[in-house]
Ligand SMILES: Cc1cc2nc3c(=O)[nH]c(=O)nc-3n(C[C@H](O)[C@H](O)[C@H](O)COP(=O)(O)O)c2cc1C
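Okay, here we've got a single chain as structure tokens, the form predicted on its own, with questions on binding and movement later.
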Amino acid sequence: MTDFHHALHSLRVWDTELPSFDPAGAPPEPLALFHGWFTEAVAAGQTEPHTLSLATVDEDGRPDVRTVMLHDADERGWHFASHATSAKGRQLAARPEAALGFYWPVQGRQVRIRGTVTTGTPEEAYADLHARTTGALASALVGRQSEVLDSPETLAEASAAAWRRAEAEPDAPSPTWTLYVVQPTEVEFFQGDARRRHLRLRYRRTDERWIRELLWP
């Protein structure tokens, strides 16, 4: 057995006591349940609970996925940000639909979201960027996300210049920085169970209201 297969088969899932979940007591809309589960994940010590997988589709219909950071979740939808010129930005401009996936293994929970994507205003994008750290601003000022890079040295030079500007001009704009909002049509909450009797509650949007339904695991 290779080191990879030994490591793979040595792993155990949810080696902890998992929380209970009663779907019958779930709220009529998914946002309140997401807020509750997110807060519980933070309290349980989940590492980086605000990171999520973002799936989009390219011009050839091929799926693409990457990890991004949640910036907000409100009545408008789930918020994240990136450059409009990035691969994800170009894909969303051509086909404004996305799927999101949160995984919080400390509690054996997942949240899956599908929906249409809109963009915030330039003012919202500016406020989003400048509410973050100097490092986040420096990274945004580097730009050129997803472009081919000729060497690590080129990146180091561009990053150093961006850091100097971010520290000297904390209000510097990044014109391509864009706030995206996923307006959900489906939201699924998955609660793992040690005996594999996983609970899946799906909210499905129809005719301006949410329908709740259980799914087989």
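Remember, predicted model here, so these are calculated numbers, not experimental data. Don't overthink the numbering: it's just position in the shown sequence, from 1.
Separately, the form predicted in complex with the ligand exists; it is not shown, and the next lines address it.
Chemist: Just one stretch in 156 to 164, 35 to 43, 186 to 194, 61 to 69 has heavy atoms within 4.5 Å of the ligand in the predicted complex, so which one is it?
Modeler: Going through the listed ranges, the match is 61 to 69.
Chemist: I need to confirm a contact call. Of Ala136, Val142, Val106, Ala87, which residue comes within 4.5 Å of the ligand in the predicted complex, counting heavy atoms only?
Modeler: Exactly one listed residue reaches within 4.5 Å, namely Ala87.
Chemist: Even though the ligand is not shown here, does Ala81 get within 4.5 Å of it in the predicted complex, heavy atoms only?
Modeler: Heavy-atom contact with the ligand at 4.5 Å: present for Ala81.
Chemist: Decide whether Ser146 counts as a contact residue for the ligand in the predicted complex under a heavy atom distance cut-off of 4.5 Å.
Modeler: Output for Ser146 is yes: heavy atoms within 4.5 Å of the ligand.
Chemist: Can any non-hydrogen atom of Thr47 be found within 4.5 angstroms of the ligand in the predicted complex?
Modeler: No, Thr47 is distant from the partner.
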